[in-house]
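The chain that follows stands alone, in the form predicted alone, written as structure tokens.
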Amino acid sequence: MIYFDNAATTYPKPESVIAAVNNAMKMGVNVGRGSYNLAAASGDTVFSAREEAARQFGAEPENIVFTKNCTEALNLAIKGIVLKEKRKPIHIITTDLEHNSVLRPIEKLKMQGLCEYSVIKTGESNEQTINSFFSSLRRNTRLIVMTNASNAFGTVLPVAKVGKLAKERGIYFIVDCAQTAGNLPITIEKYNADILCMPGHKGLFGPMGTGMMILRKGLLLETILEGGTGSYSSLLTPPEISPDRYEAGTINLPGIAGLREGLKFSYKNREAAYLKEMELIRFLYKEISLLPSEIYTPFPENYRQMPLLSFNIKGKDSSFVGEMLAEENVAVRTGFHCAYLSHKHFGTAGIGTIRISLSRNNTKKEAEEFIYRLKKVLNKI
């Protein structure tokens, strides 16, 4: 199979990740709920994963909060800040390239009368995008939340500059790193961020069912999930220490063990891997442009785009073409990619797109074979 759906989840996973998951399943006991040896070993596994994430993303281990995915991390972050704020409703600014994991929580909070929000139009240049943020600021703007890169079209946004704007004005800043974690060099300080949110199963090569919310030092959020934490059990309120405050209930030991190894794997030769992926996506861009196609992604420039592109075959439904490619044993994503506003931005809201997305596992031979199979599909339809 030619697997070009890495923006959804990377595949295949490294053997070290699979082995770590299996070993944790054999360990098989709860974290932070006992003083016996197996429980201590489970705790050590989780703490070492926190240390690895902290090292890579410029945080303290106690501020690495494990979640089941990036969506949960974003919900914890967005709602945790809105509920923390004393002034209601607060104003939130976000962008027209967001995934529904940002837009739906904000819309729900608006329906509850807890916030109002503005969706800024991202520009062709970083300066245009930043100016859009400036012009949307209000007296009660308390939060900016934005994607690091579009999951549907690959555009990398100027998060560090927007973070600087937010920091200078005392506005909370959350970055959705779903498409960039494991690919671009990211730290909480570099992005001027209060919170980074990311999945474990994409560029970090961890198992599905894993993610992280990474907090800046000293930030305390309201909770949206309460329960057992294995600490401060005499309190009827969540503990005020991180990460316990945000990790109610049994955490995913096998997933976190696998994520630790995925973090290590993705960190090795990260920049070289990204540049290789970008070289391949440029090859695919040029080859697809020679076909009767519409390409919506800008030409892939290093650090301006991620290694993915969205296109259509002229006059053909994206889902139909995706099904035909599946018959040729090619895995791509079609439709709206849970990011409908992105499609409105790029003019594909009525048709969706075919999305191909690469990882360090992909090769030039696969890219050439993909073009061959795509041409076969074109000859059939």
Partner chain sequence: MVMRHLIFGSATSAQKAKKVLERGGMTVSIVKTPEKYSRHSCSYSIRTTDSDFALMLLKKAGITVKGKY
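As the structure is a prediction and not an experimental result, all values here were calculated from the model. Positions refer to the first chain, counted from 1.
Keep in mind the form predicted together with the partner chain is missing from the figure; the text below concerns it.
Proximity of Arg55 to the partner chain in the predicted complex: non-hydrogen atoms within 4.5 Å are absent; the residue sits far from the partner. Although the partner is absent here, Lys316 lies well away from the partner chain in the predicted complex, with no heavy atom inside 4.5 Å.
Remark: Phe299 does not count among the residues lining the partner chain in the predicted complex, judged by a heavy atom distance of 4.5 Å or less. At a distance threshold of 4.5 angstroms between non-hydrogen atoms, Gly32 is in contact with the partner chain in the predicted complex. Listed stretches are 349-357, 44-52, 322-330, 336-344; the contact stretch with the partner chain in the predicted complex is 44-52, by a heavy atom cutoff of 4.5 Å. Residue-level contacts in the predicted complex: of Gly209, Pro89, Gly230, Pro238, one residue has a heavy atom within 4.5 Å of the partner chain, and it is Gly230. With contact defined as any non-hydrogen atom lying within 4.5 angstroms of the partner chain in the predicted complex, the stretch 200-226 contains no contacting residue.
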